[in-house]
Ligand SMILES: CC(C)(COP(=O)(O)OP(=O)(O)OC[C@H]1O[C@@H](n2cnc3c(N)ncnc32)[C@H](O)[C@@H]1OP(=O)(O)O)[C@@H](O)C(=O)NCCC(=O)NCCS
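Below sits a lone chain in structure tokens, taken as the form predicted alone.
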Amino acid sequence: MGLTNTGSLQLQAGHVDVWLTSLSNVSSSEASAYLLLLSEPEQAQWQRFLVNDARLQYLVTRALVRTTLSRYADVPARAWQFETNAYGRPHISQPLASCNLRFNLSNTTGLVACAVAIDCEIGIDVENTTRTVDTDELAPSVFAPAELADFREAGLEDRRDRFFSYWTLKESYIKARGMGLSLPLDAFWFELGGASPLLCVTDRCPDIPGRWRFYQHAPTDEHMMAVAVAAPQGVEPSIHPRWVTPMSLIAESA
């Protein structure tokens, strides 16, 4: 079985490919093939997961990012090396010739996502909307006042979707900024009424809101996704979601 991809895909500034992988029906042979792609530290991390769902999410996420990046550069999937910034966001460290590729990852029960771009700041978040969470209890601790007011004004049948709409947007933004939860969650908020979500910030979250574009999508009946993109000035981002499996990417290179 080959483990090298052809690097045939090309990216233009502002173009974001989003690769989605379902976690249902991952066979033991597929899992074994994915494990071969991981570095030794990644394999050690995989071993430390005690919950099967978390182990599977981690394994497929690491396999997906490696096989996906190899679609854009003639680099063996196992050869990619990564480092994290001070806030934990990963980036490519080797090979140096491919460090202009930007990626961001997210996983949840049933789904893994990998966003790839060049010359853009990108962040992605996927959430399983059926998971057990008390949205009424959690909302005050994660939403800005305007978001909390809008959430509470929603009808009971709409509150859960409203919660995950705001939550995925906020997660995608802080991940794109590369600063994680060091950005106070109540220091920025989103307005959902227009054609696309609009970012608003306070002086505790200094930024230029107009440089950001946000994309929301429900890839399945059980999942919600948000993508945050800051493209070069004058470039309007475009988002291109597609379904794939790491195994199919391995097979293409065989």
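All figures in this text were calculated on a predicted structure; none of them were measured in a lab. Each residue number is its position in the shown sequence, starting from 1.
There is another form of this protein, the form predicted together with this ligand, and it is not shown here; the text below is about that form.
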| item | value |
| --- | --- |
| Contact segment among 93-101, 68-76, 154-162, 120-128, judged by heavy atoms lying within 4.5 Å of this ligand in the predicted bound form | 120-128 |
| Contact at Asp150, Gly193 and Pro197 by this ligand in the predicted bound form, all three, heavy atom at most 4.5 Å | no |
| Leu181: touches this ligand in the predicted bound form, heavy atom cutoff 4.5 angstroms | yes |
| Partner proximity in the predicted bound form: Trp80 to this ligand, non-hydrogen atom cutoff 4.5 Å | no |
| Close approach of Thr61 to this ligand in the predicted bound form, 4.5 Å, heavy atom | yes |
| Any non-hydrogen atom of Val116 within 4.5 angstroms of this ligand in the predicted bound form | no |
| Contacts with this ligand in the predicted bound form - residues in 162-183 whose heavy atoms fall within 4.5 Å | Trp167, Lys170, Glu171, Ile174, Lys175, Gly178, Met179, Gly180, Leu181 |
